[in-house]
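There is one chain below, alone, in structure tokens, taken in the form predicted alone.
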Amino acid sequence: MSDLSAALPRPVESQLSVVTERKLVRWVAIGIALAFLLLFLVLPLIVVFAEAFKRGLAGYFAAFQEEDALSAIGLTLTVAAIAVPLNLVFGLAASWAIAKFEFKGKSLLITLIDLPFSVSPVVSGLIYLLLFGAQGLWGSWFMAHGIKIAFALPGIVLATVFVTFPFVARQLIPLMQEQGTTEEEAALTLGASGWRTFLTVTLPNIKWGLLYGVLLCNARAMGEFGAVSVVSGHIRGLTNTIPLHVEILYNEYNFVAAFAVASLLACLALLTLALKSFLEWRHGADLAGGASH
């Protein structure tokens, strides 16, 4: 009997000491993580807002009364208002096709969606400049027809769309794959059309994942620097977005105004982080594929 008892596996509680690290190790790991966050996240945010309010509220709000600052804010909002809906449509179409259907070139499409993650934003901006610039492949044709792409709003939108289009699709593809096609097939069997099935079955099942992807996409669109910097031409009051305007102010040693405008992006980042955390907390199961599906 004693031999049999010795051969039986020990209770899980008795094995915890084997798989659990010592308290010292845990506290050291937690301390390193907190120190990293403090050094690379909290302190920079404190510096941004401290410098922004260095001259008080009057100096802070004065930075937003300049015509160039208002133009940069307006252009950033315009670009985001165009790029995010385009990426929303593309993300829905691509994820629906990849998750719900089998077709030739599916692997290639997935690879292309991931392309902006592996290509430097500066390189992507340069590509658009080589295509649509005055000396570019198609630039002369567009200029001859009175259409300006590079150093104008269309070029900035194209560059922003390129660097942000994976966000919605990459959030929805695993979500749709996890949900499968059972509910859509049931709806089609009951006589629903394809469009009605999408609106009443597919879309409600992915609404929180879609919102999550749009949130990340918008944050990246408004904060993009590298690709936009190449195709914008840095024309003050015309093609400078908020990040580019911050760079100009900083290079001109106008630090208070630079940090004041930069605080807008910092607030956007904090708001995005808060909404992201809320969605993960409130709808974590839906974002992970949905336990109810």
Partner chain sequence: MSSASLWRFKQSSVIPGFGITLGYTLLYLGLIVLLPLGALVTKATSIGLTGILSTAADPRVAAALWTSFGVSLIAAGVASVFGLLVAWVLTRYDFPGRKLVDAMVDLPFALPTAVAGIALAALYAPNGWIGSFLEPLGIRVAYTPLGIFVALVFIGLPFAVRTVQPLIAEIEGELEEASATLGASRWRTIWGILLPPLLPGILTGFALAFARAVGEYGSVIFIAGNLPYVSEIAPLLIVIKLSEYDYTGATVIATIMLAISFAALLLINLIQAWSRRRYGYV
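Numbering follows the first chain given and starts at 1. Note that the structure is a prediction, hence the values are computed from the model and not measured. Here, rigid core means the biggest group of C-alpha atoms that superpose within 1.5 Å across both forms.
The discussion below concerns the form predicted in complex with its partner chain, not included here.
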query: is_contact(H283, its partner chain) in the predicted complex, heavy atom dist at most 4.5 Å; finding: no
query: Exercise: L137 in contact with its partner chain in the predicted complex, heavy atom 4.5 Å; finding: yes
query: Close approach of P154 to its partner chain in the predicted complex, 4.5 Å, heavy atom; finding: no
query: Exercise: S229 in contact with its partner chain in the predicted complex, heavy atom 4.5 Å; finding: yes
query: Residue among V201, L129, L210, I73 with a heavy atom within 4.5 Å of its partner chain in the predicted complex; finding: L129
query: Neighbours of its partner chain in the predicted complex among 110 to 127 [non-hydrogen atom within 4.5 angstroms]; finding: L112, I113, L115, P116, S118, V119, S120, P121, V122, V123, L126, I127
query: Displaced residue check between this form and the one not shown: F103, CA, 2 Å or over, core reference; finding: yes
